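Take a look at this single chain in structure tokens; it is the form predicted on its own.
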Amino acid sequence: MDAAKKPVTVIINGRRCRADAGERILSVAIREKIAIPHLCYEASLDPYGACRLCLVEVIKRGKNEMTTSCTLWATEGLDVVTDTPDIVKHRNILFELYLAQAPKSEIIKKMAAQYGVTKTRFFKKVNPADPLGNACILCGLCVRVCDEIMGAGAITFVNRGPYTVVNTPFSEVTRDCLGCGACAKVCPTGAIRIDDLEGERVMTSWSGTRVPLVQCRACGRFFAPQALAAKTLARLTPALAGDVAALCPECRGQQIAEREIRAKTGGAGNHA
């Protein structure tokens, strides 16, 4: 058996839970439906504890140590608590900071309210021209998924200190964007805006970058960004790539079904 997959027992809030050795405690808690708030955790990326909301206390040798559960590995007998007075205090301060940093994020407001935080003592700076709608918390998930998973590197952190934002380099239209929308998919606060217009995907939050869309040759519907389609098709065999290059998923499925019918009926289609 792989040592990394060795079953272990961890204790969360006094409850014994099964886990794999090396599994992150936040992952265990999510599976066991134990509530731990979090914003920057994404299963497809290595966790790095940016948002700090998933703090837990680890009981070691009679002493309590606070750490992020998304970076804490499961080991046999690990004992953690998720709602001590110190954690609640730190968590509430973090929620207040996020309410100030992302005052327009309804997701942040709702999450904070669930934990009893409905207002902030910190100054709310609202920029009417913010391309991320004053809802970004700078967790970096969008930057990481664009770089580490999609391999595009179309967006990055711009400026420094309190002026840091996420955007395209130099806040200009970029040719590197695939238009895949992975950034919006992983954004925990709903800050990223993407609009599909006739024949184009407009990355509104990313300096208005426009990515042409592929048009289905069968039904005429625009269904995929050309840049992403080209990257995907390059990994397929030429025969398969030619088969799917200009068909939307619905028409492609219909084509496959028709082929199966013809194969089973000796070439005779359904003409009823």
Partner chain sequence: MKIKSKSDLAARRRIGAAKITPGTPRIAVGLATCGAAVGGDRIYERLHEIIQTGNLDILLTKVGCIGYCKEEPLVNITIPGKPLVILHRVNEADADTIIRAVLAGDVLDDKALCRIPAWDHVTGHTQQYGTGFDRIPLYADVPFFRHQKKVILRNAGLINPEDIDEYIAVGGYQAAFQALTGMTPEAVIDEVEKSGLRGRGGAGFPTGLKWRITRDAQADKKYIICNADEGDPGAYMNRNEMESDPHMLIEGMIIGAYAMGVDEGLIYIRAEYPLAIQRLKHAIREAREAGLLGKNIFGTTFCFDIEIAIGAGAFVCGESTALVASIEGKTGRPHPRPPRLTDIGGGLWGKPTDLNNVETWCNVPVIIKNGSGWYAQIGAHGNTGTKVFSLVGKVDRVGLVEVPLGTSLSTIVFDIGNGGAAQKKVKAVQTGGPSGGCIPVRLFDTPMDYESLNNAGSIMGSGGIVVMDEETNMVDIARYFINFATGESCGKCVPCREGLKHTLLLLNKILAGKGTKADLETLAILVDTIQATSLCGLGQTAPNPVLTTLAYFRDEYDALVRS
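Numbering follows the first chain given and starts at 1. Because the structure is a prediction, the values reported are computed rather than measured.
Absent from the display: the form predicted in complex with its partner chain. The rest refers to it.
- In terms of contact with its partner chain in the model of the complex, the residue from 138, 81, 117, 194 that brings a heavy atom within 4.5 Å is 138.
- Site annotation in the model of the complex: the residue of 173, 149, 97, 113 reaching within 4.5 Å of its partner chain with a heavy atom is 97.
- Residue contact with its partner chain in the model of the complex: residue 185 places no heavy atom within 4.5 Å of it.
- Using a 4.5 Å cutoff between non-hydrogen atoms, residue 127 does not count as a contact of its partner chain in the model of the complex.
- Within this chain, residue 75 is remote from the site of its partner chain in the model of the complex, having no heavy atom within 4.5 Å.
- Using a 4.5 Å cutoff between non-hydrogen atoms, residue 101 counts as a contact of its partner chain in the model of the complex.
- Stretch-level contact check against its partner chain in the model of the complex with heavy atoms at 4.5 Å: of 29-37, 205-213, 226-234, 45-53, the positive one is 45-53.
- Contacts to its partner chain in the model of the complex (heavy atom within 4.5 Å) from stretch 120-147: 121, 122, 123, 137, 138.
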